[in-house]
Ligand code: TRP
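Read the single chain below, which is given as structure tokens and is the form predicted on its own.
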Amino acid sequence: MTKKRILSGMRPTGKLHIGHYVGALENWIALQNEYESYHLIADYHVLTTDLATDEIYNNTIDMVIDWLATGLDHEKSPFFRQSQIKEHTELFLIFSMLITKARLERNPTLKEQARDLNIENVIYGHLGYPVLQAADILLYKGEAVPVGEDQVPHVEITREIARRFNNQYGNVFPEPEALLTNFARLPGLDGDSKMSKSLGNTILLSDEPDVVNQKLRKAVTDPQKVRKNDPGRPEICLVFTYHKKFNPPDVPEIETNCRSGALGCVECKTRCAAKINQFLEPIIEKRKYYENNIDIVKNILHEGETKAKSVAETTMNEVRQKMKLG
């Protein structure tokens, strides 16, 4: 039986953090055996909110190293840069004719990004971000897209564009389904709902044990639990959230002892840091291998881009035939 195809992608922002792992990578790794997977490095998407390009390549290499170190298999799932497959921009142009400005302005994710980044005047490319994303997905005829809940509106726009093209020119594209991640996003160390390098509240996948220990010591906890014997409220404590992900066997005992006051925050953080370090240890070891063998990483990208280019060219030939453009 032919496997369904999925397209996953990330902006190249450099070294990844445990929030990226929980929110995306873990799911991608689990899906790569079940689906035919393609993994996109969305370097053009960076330009929608930041025109600086000096660090994009280095950030790409760092991100690919994290992908490899956490268990993504490039032989099963090609890795490739969006900017190296010119068909992305061609299909983006065609798709931009199939959706209205008003529809894009209703996208809730756009409004959230503009608010979070304090963007007053949204550029055309940022407004059209979901259209480029639709081209990314449909160029490989993605039938499913692993996303968090915040990205579901983008998948819906992709479905609408696929439907519009198929109705106008003939069937080429599937209408992809959203595959939701199982675990909600990890909160940042400062208690913010989002772990983000720009907020400085992350634990990186490359952080050594002493760094993790130091970061956990400063993590925000229940403000009402000032002393060890004070009863705590684990449901509002981000450290308890980390325990649920990285230390599930001990969660019932930690919850009980936190509520009774038997477990103090210092000990709780120490135990949590130990479990996160245990999780990160093999990732850091693999990371060091690839950092010392950058040519291997570059070759993996080149091979992935060759595979992706072949698929993209086939799709665009079909698109042009349906549109009677050649």
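In this text the structure is predicted, and so the values were computed from the model without any measurement. Don't overthink the numbering: it's just position in the shown sequence, from 1.
There is another form of the same protein, the form predicted in complex with tryptophan; it is not shown, and what comes next is about it.
J.: Given that tryptophan is left out here, which of 275, 269, 287, 45 has a heavy atom within 4.5 Å of it in the predicted complex?
T.: Exactly one listed residue reaches within 4.5 Å, namely 45.
J.: Going by heavy atom distances of 4.5 angstroms or less, which of 64, 40, 280, 258 would be at the interface with tryptophan in the predicted complex?
T.: Contact with tryptophan in the predicted complex is made by 40 alone.
J.: Let me test this: is every residue among 10, 136 and 151 within 4.5 Å of tryptophan in the predicted complex, going by heavy atom positions?
T.: Contact check passed for all of 10, 136 and 151.
J.: Which one, 136-144, 92-100, 203-211, 174-182, holds residues whose non-hydrogen atoms are within 4.5 Å of tryptophan in the predicted complex?
T.: Result for this chain: 136-144.
J.: According to a 4.5 angstroms non-hydrogen atom cut-off, is residue 129 in contact with tryptophan in the predicted complex?
T.: Result yes; residue 129 sits at the interface with tryptophan in the predicted complex.
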